[in-house]
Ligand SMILES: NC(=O)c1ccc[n+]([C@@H]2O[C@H](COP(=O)([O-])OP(=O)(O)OC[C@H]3O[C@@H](n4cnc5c(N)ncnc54)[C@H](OP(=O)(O)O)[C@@H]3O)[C@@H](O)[C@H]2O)c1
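Below, in structure tokens: the form predicted alone, a single chain.
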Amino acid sequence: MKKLLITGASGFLGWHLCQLAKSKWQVYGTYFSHYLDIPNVKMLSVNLTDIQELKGIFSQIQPAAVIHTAAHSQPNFCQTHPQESDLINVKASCNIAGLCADYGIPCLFTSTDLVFDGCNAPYKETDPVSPISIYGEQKVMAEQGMRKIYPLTTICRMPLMFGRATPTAQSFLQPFIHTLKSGKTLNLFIDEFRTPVSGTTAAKGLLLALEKQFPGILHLGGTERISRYDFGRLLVDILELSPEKITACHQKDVKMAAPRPADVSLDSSQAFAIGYSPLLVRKELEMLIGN
């Protein structure tokens, strides 16, 4: 099998990606501070911000393709630590694109729906970017820098993701369920909309984009525009809890370091056309909670 290098294998998306990719690829996963054992995946400790380490890994593995998921992906952290997060989110991403160009191999980069300001959803790949947070700005700089260095880079803009907790990461689903099952009330935004998918669905989309060698930018959002509040209502229904456990709030009610756009729903028609097929959010949740 050909060798696939997945950066950020200890992260939520990276872990889910490794689970699916290892059936068709010889997978090498990188981690920095959170080692974990993934059966049939060779894990490598790498500081991606060190160009010499990066060059050494490429030379050692000789990968046939790279999917770069590693990032500081918490907007509030990036807002308060812009220089530290820039090292991995921008500089390392551009260095990886340069090495993929040197080796002449496919390079997939996971960007975000937060490259948009939330004022003109749903967003197509051709819509102009307009980030309102430092995290969104960093992802835009990485997108543009990587494609300038290596025009064949595929940019996959990812939506909000949820799913089963991994050994070293979780999604927002776990604290939601913990809060509800502990008897507390969950306060959720009624004025923030996304097109969420599960980690498994997102990983399938990335592998499909790699298989098709999709050129340019691809949106991998779900089929439904949904608020955090409505997501919570689905969750309590599936958990058979009282709907009174969910209360509505507005973005302005919660003080956060990073500003949040109101609606960054993605138009993922291009991905649907090449075979990407997310399930309905309710179906995804039923499958996750039922297992």
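Position 1 is the first residue in the sequence shown; the rest follow in order. Computed from a predicted structure; not experimentally measured.
If you look for the form predicted in complex with the named molecule, you will not find it shown, but the lines that follow are about it.
Visitor: Sort through 73, 95, 154, 200 and report the residue having a heavy atom within 4.5 Å of the named molecule in the model of the complex.
Guide: Residue within 4.5 Å of the partner: 73.
Visitor: Between the options 48, 234, 57, 226, which residue brings a heavy atom to within 4.5 Å of the named molecule in the model of the complex?
Guide: In short, 48.
Visitor: Contact with the named molecule in the model of the complex for residue 138, defined as at least one heavy atom pair within 4.5 Å: yes or no?
Guide: No, residue 138 stays farther than 4.5 Å from the named molecule in the model of the complex.
Visitor: In the model of the complex, is there a heavy atom of the named molecule that lies within 4.5 Å of any heavy atom of residue 163, even though the partner is absent here?
Guide: No - in the model of the complex, heavy atoms of residue 163 and the named molecule never come within 4.5 Å of each other.
Visitor: Can you work out whether residue 268 and the named molecule are in contact in the model of the complex, taking contact to mean some heavy atom pair no more than 4.5 Å apart?
Guide: No - in the model of the complex, heavy atoms of residue 268 and the named molecule never come within 4.5 Å of each other.
Visitor: Heavy atoms within 4.5 Å of the named molecule in the model of the complex: does residue 34 have any?
Guide: Yes - in the model of the complex, heavy atoms of residue 34 and the named molecule come within 4.5 Å of each other.
Visitor: Taking the partner as it appears in the model of the complex, which of 214-222, 123-131, 109-117, 175-183 has residues with heavy atoms within 4.5 Å of the named molecule?
Guide: Heavy atoms within 4.5 Å of the named molecule in the model of the complex occur in 109-117.
Visitor: Within 4.5 Å of the named molecule in the model of the complex: all of 190, 264 and 281, by heavy atom?
Guide: No: no residue has a heavy atom within 4.5 Å of the partner.
Visitor: For a quick check, can you give me the residues of 1-33 that have a heavy atom within 4.5 Å of the named molecule in the model of the complex?
Guide: 8, 9, 10, 11, 12, 13, 14, 31, 32, 33, in sequence order.
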